[in-house]
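Let's start with one chain on its own, the form predicted on its own, as structure tokens.
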Amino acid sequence: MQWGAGIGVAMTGCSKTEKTAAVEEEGPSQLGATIRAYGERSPHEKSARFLPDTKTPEAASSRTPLADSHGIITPNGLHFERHHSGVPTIDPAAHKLLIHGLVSNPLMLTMGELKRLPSVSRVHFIECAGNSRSEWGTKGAPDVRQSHGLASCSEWTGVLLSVLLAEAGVQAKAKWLIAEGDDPCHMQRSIPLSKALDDIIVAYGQNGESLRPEQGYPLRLVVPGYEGNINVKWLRRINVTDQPGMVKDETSKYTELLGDGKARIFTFEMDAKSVITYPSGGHQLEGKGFHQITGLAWSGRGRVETVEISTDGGKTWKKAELQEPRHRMAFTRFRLGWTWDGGEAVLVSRCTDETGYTQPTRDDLIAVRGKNSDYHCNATKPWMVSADGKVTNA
């Protein structure tokens, strides 16, 4: 553990008598609340998703308060949302999944039939392709929730899509599939068959319970490492084809216009990315001495291998400690002990994934992609610590 030399400054002590008196004074003096059928968090915990102002709440998003998180798992009630036509109400007893097209044995599966099949539980992040779009500009977002909150990480439970496709009997000329949701806009996305035969989960569980309606209840796709929009929620149909569908949300949206005027399409994988969540925008350091810098890193191409932290705006770097176990295409928690001397500091992190790719700065990213697109921004995010301990966007 990298505690730093100043940890003692962050600790306060009191005598045994003082401790005893404090416990007796603050302890409950009457019976507490009764048991509940479904657990609730303490009324003292106020962490909530950020809801941007919008005149069309059916086509909107909410952002996860990553700066309030512990570990790598996002609570179901704080997982970010992105809706294009609102949240449908679906009766699981009536819901079915159709698999058809270039298959020898088309399937129509009920939820009960899906849950009878062999299941897996795996930890993966989901990130909207538009996450951190504010960072393309020079101003940037003021806090983590607004800059990086369109990303969350859960344990997903369901059936591997490869199991269902094997039962359906995919034909030799099949190369793609088109997944469709049961929301009012019938969200559709094209997915390469090679990915479908690899690690995609047809999920009905999240963090030990059924999906929430906002997360696709009763059934959704979890496509590890791919941009969020392709993880189709309220899944009702999979059409196996020999070519992509070129549907609305992969042509008019979720494409990237480069600086030379050419556009990238099917940029599925989310690049390696990290962000310091403490200290970060909106925090106030209580005093100089020991502080633990912590944050999250992830990559759509595999496992995070290293995270480095700089306290001088990128002039020098130190390797952070990574929390184990580390999962592929999942959040990784990193930590570094830091002794703050009370002067100005600029904190920034960068990560490297198992492919050897290292997270770029904003300037490096713009040099390659230009500024015509606001998707897939994975630039490093600096935070300024002022002499008074206030932390702001740098």
Partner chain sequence: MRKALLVLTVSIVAAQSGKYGVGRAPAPEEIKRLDLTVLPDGTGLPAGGGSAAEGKLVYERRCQRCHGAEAKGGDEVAMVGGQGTLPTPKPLKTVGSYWPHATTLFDYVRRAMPFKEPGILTADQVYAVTAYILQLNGIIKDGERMDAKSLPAVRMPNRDGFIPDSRPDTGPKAKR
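These numbers were taken from a predicted model, which means no experiment stands behind them. Numbering follows the first chain given and starts at 1.
Same protein, other form: the form predicted in complex with its partner chain, not shown, and the subject of what follows.
For the options 84, 283, 303, 195, the residue carrying a heavy atom within 4.5 angstroms of its partner chain in the predicted complex is 84.
Though the partner is left out of this view, residue 278 does not reach within 4.5 Å of its partner chain in the predicted complex, counting heavy atoms only. Not displayed here, its partner chain is kept clear of residue 346 by more than 4.5 Å at the level of heavy atoms in the predicted complex. Within this chain, residue 58 lines the site of its partner chain in the predicted complex, having a heavy atom no more than 4.5 Å away. Mapping the unseen interface onto this chain, residue 321 falls outside it, with no heavy atom inside 4.5 Å of its partner chain in the predicted complex. Remark: of stretches 173-181, 195-203, 306-314, 137-145, the one touching its partner chain in the predicted complex is 173-181 (heavy atom within 4.5 Å). Using a 4.5 Å cut-off to its partner chain in the predicted complex, each of 105, 266 and 355 places a heavy atom inside that distance. Along 101-118, these residues reach a heavy atom to within 4.5 Å of its partner chain in the predicted complex: 105, 106, 107, 108, 109, 113, 116, 117, 118.
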